[in-house]
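The chain below stands alone, shown as C-alpha cells; this is the form predicted on its own.
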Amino acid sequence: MIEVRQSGTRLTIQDAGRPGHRHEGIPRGGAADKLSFALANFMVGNPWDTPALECVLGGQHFRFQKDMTVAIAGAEMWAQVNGQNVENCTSFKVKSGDILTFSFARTGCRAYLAIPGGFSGDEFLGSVSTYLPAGLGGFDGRALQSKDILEIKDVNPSPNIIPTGYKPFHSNHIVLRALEGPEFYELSLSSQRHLFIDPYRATQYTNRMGARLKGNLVVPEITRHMISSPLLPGTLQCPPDGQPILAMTDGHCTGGYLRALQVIRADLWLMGQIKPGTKISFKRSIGTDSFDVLARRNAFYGNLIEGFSF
C-alpha cells in the first residue's frame, strides 16, 4: 500500500479519460498533461494509459509500504526520497518505509507519479479518472486527502529509460499553436491582432475546467446573442468582459461565448502545465499545418510508447 501523508494543493487519480461521451455532457477528462502521464507509465513498464497520480502545484508526501520502482514526470517540483533529491522524468527504486516528497512547482503545474500496475479507482464509463464536478471515478469521486491509503497491484513489469531527446521541456511561458475559431472573424481587427501578438497570463481562476486569462481585451465588432455551441479542450472563449477563457481538460461540452481560437490537438498536453501566473502566447496555425504537426508528433512518441497518440 501507499499512504498519502500530505495531499498538497490537489491530488487525484487519472488515466486516459472517457472519450466519446461529450454528446452526453461528459468531458473526456483524464490526465491534463497526456505526454508526461504517458512517459511516467512508460518508465515503470506500464501500458501508457495505466492510472497514475496527478499532483498539482506540489506539496504532496507519500509513504511506501513495499519495495518497488516508481517514476515521476511533468512539472519540476524538486522531488526527494528521504530528503535526497531525485531527478525529474526518471524512474527510481523505493523501499518499504521510504517517504517521497514534492516541493512546490517551480516550472509547470502538474507532475505524475506512476507505479507498476497502476492505481486502483472507481470505474465509470471505462475509466477511473477523477472528474470532481460530478464526483466520478478516482477515490470515491473526490480528490485524495491526507491519511488515504492506496492499494498496490502485485505486478513487476520491466522499467524503461527515456532516450535522449524524448523528455519534454517545461516552461512558465507556454506557446500554444491555434487555429481560428468559428467566430474569430466576428472579433474586432485589433482583437484579432492582439491574440497572436501579445501574451496573456493565467489568473488565479485556473483549474482543470478552464483558465481565465488576463491581457488585452478580446471583443466582438458587433455584439450579438449567441446560441450555446460545442466546446472542446483548447477552445478560447470570449465573454462580455473581454478577458478570454481557455477551456481545459474537464471543460464544459457547450458554451454561449464567441469561440475565438482552437488550440491544435498536438499542443493540448501543454495546457496541463498552465498554473496561475503562467504566461501564454498563441501562435497561428495555418491550413493543414495542424494535421502535419500531429502526424509527426504521434510518429515520434508512438515509436517509443506503444499505442500512444496525442
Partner chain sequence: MPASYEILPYGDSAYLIKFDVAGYSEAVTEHIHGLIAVLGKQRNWEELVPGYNSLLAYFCPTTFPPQKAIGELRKALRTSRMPSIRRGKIIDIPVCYGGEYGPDMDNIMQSSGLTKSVVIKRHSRPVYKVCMMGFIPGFTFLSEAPKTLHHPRRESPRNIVPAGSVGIAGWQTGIYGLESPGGWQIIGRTPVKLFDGERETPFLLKAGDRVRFKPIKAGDFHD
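Residue numbers count along the first chain shown, from 1. Source: prediction; values computed, not measured.
There is another form of this protein, the form predicted together with its partner chain, and it is not shown here; the text below is about that form.
- Would you kindly say which of 152, 175, 226, 86 lies with a heavy atom within 4.5 Å of its partner chain in the predicted bound form? Answer to the contact question: 226.
- Could you check which residue among 199, 168, 126, 182 gets a heavy atom within 4.5 Å of its partner chain in the predicted bound form? Of 199, 168, 126, 182, the residue with a heavy atom within 4.5 Å of its partner chain in the predicted bound form is 182.
- Task: Spell it out for me: taking its partner chain in the predicted bound form, does every residue among 23, 26 and 231 have a heavy atom no farther than 4.5 Å from it?
- Result: Each of the three qualifies.
- Choose from 110-118, 143-151, 187-195, 130-138 the stretch whose residues reach within 4.5 Å of its partner chain in the predicted bound form, heavy atoms counted. Among the listed stretches, the partner-contacting one is 130-138.
- Query: Do residue 257 and its partner chain share at least one heavy atom pair within 4.5 Å in the predicted bound form?
  - Reply: Close contact exists here: in the predicted bound form, residue 257 approaches its partner chain to within 4.5 Å, heavy atoms only.
- Message: Please tell me whether any heavy atom belonging to residue 215 falls inside 4.5 Å of a heavy atom of its partner chain, as the geometry stands in the predicted bound form.
- Response: Judged by the heavy-atom cut-off of 4.5 Å, residue 215 is well away from its partner chain in the predicted bound form.
- Residue contact check: residue 205 to its partner chain in the predicted bound form, 4.5 Å heavy atom: Close contact exists here: in the predicted bound form, residue 205 approaches its partner chain to within 4.5 Å, heavy atoms only.
- Message: How about residue 298 - does it come within 4.5 Å of its partner chain in the predicted bound form, if we only consider non-hydrogen atoms?
- Response: Yes, residue 298 is a contact residue.
- Message: Under the 4.5 Å heavy atom criterion, name the residues of 255-291 that approach its partner chain in the predicted bound form, in sequence order.
- Response: Those in contact are 256, 257, 259, 262, 264, 265, 268, 290, 291.
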